[in-house]
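Provided below as structure tokens are two forms of one protein chain, presented individually as structure 1 and structure 2.
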Structure 1
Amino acid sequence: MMTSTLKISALTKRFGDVAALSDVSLAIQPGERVALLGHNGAGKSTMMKIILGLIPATSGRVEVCGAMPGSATARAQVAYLPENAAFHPALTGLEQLRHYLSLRSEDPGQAQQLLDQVGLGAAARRRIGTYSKGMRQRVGLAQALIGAPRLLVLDEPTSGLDPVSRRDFYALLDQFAARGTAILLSSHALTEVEARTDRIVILSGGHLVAEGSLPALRRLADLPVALHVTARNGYAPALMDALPGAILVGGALHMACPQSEKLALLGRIAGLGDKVADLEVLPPSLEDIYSHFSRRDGQ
């Protein structure tokens, strides 16, 4: 049986009378990419701090690579990248990585290889003060990879990055996951994590309110499916008659149906034959699902 890289059991954290986390349980396997979602104050940062060993839990148990958070064993196998990674602007990327390698008692000669891994090899001898935000995030990822960590904890790692830099960043994470690195990623960019993670965990008010793959969460939320049907020229009235309840918007009929009725409705549309020019099926987005579970918890 595969051993979990991160295992959280009945985790509770209180600050005085305030429960930041309440009875949260979660496990992440090697190579798994897990998105941690939640509103501000949901408990995401508190969970990350406990995993990193920065603050203790009130109750419950956390195992990081089989060790206690903050222990020498756990610290050697966990890497963290904050939302805004800061480095000395006068140092080059190569000098900064050599410094971090020395602090970790690793060979400073690995610096160039790490920068090559994150796509900064050509800029290794440039001062970090000349780097873009995306390049600085790559330096942060390079230093996080020192020692080949088994768990990467990333807090809003693509904040402020342009679309190309975001795409490249997630491509790097895919490579690390393929090598067996477990990734816990906190983000408000729902459209990004929708396609680039294996599992989604939603916190609300300190409670874990939903967990699973995107298809599993869609089934659990049971939200309506949207369909857009484009009529061939002149057939819009006929489609309106055949599909009561549809709304005509610029030549396309917009409608929604429960998940349980989707196949039957698709069959009716297919039966309209040449009167239909195009059909688009829009399942609930991650934003829809996130809003559903957050509202369900009263937030």
Structure 2
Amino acid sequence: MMTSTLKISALTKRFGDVAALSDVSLAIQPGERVALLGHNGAGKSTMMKIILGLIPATSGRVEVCGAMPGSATARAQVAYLPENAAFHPALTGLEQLRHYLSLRSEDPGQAQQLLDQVGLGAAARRRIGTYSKGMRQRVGLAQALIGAPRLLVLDEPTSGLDPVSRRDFYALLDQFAARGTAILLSSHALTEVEARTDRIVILSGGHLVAEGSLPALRRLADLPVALHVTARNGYAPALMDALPGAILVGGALHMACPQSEKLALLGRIAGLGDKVADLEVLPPSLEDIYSHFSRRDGQ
């Protein structure tokens, strides 16, 4: 039997009257990459801070690598990238990384290599005070990669990264996951996680509203599929008769149907033969799926 790296059950956190998290349960297995999605204020950062033992939970149970959050055992095996990672501006990237390596009892000599890995090699000897936001974010990533953490907790790791660095970042994560590191990363947009995760967890107003792989969420959302049919010259009226519910937009017929009727509709369109010049099937976008879940139970 595999033991979960992270186990959360019935977690609730209140700040005075604000319920930041309500009855959230979640487990992450070794090597699993989980994306935590939600609008601003959904409770993502709060959940991560509780996992790290930075703030106490109001109720519920959290177990990190079999230990209490924030215990010495847990801290030795968990790495964190805070939202808006900040460092002392007077230190250079290299000095900051050497410091973090020492705190983890690792060889400070690895600092340069870690900075190279996140594309900061050239700026290693410059003070962090001169870094851009994206560069500070990379220092944050570099320190999270120190040693062999069993759990990576990354709060909006891709914010401030350009698309190419974002891809490199996910490639780095894949290496860690392959070695058995469980990964929990947050984002406020489904497009940002680029479907490079095994499982998606959507928080809305502190409630866990959906959980599953992207295809599973797609099925669960059951959002209508859009179809665009282009008629061969002169056949548009005939197609309009054959496909009730379609509307004519710039010479093409636009229509939508539930997932379950998609194949039947495609069959009917195929039956129209050479009256049809072209057919385009547009599945619901990532943003559509995400909005569907994050609004359903939201404020």
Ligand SMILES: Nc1ncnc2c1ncn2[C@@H]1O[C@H](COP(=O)(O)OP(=O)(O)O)[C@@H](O)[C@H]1O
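Values in this document were obtained by computation on a predicted structure and should not be read as measured data. We call the rigid core the largest set of C-alpha positions that still match within 1.5 Å between the two forms. Here, residue number means position along structure 1's sequence, counting from 1.
The form predicted alone corresponds to structure 1, not structure 2. G140 is among the residues whose C-alpha shifts by 2 Å or more between structures 1 and 2 once the rigid core is aligned. The Cα position of A72 differs by less than 2 Å between structures 1 and 2 after fitting on the rigid core.
Annotation for A177: C-alpha shift under 2 angstroms between structures 1 and 2, rigid core superposed. Core-superposed comparison between structures 1 and 2: L266 shows a Cα shift of 3.3 Å.
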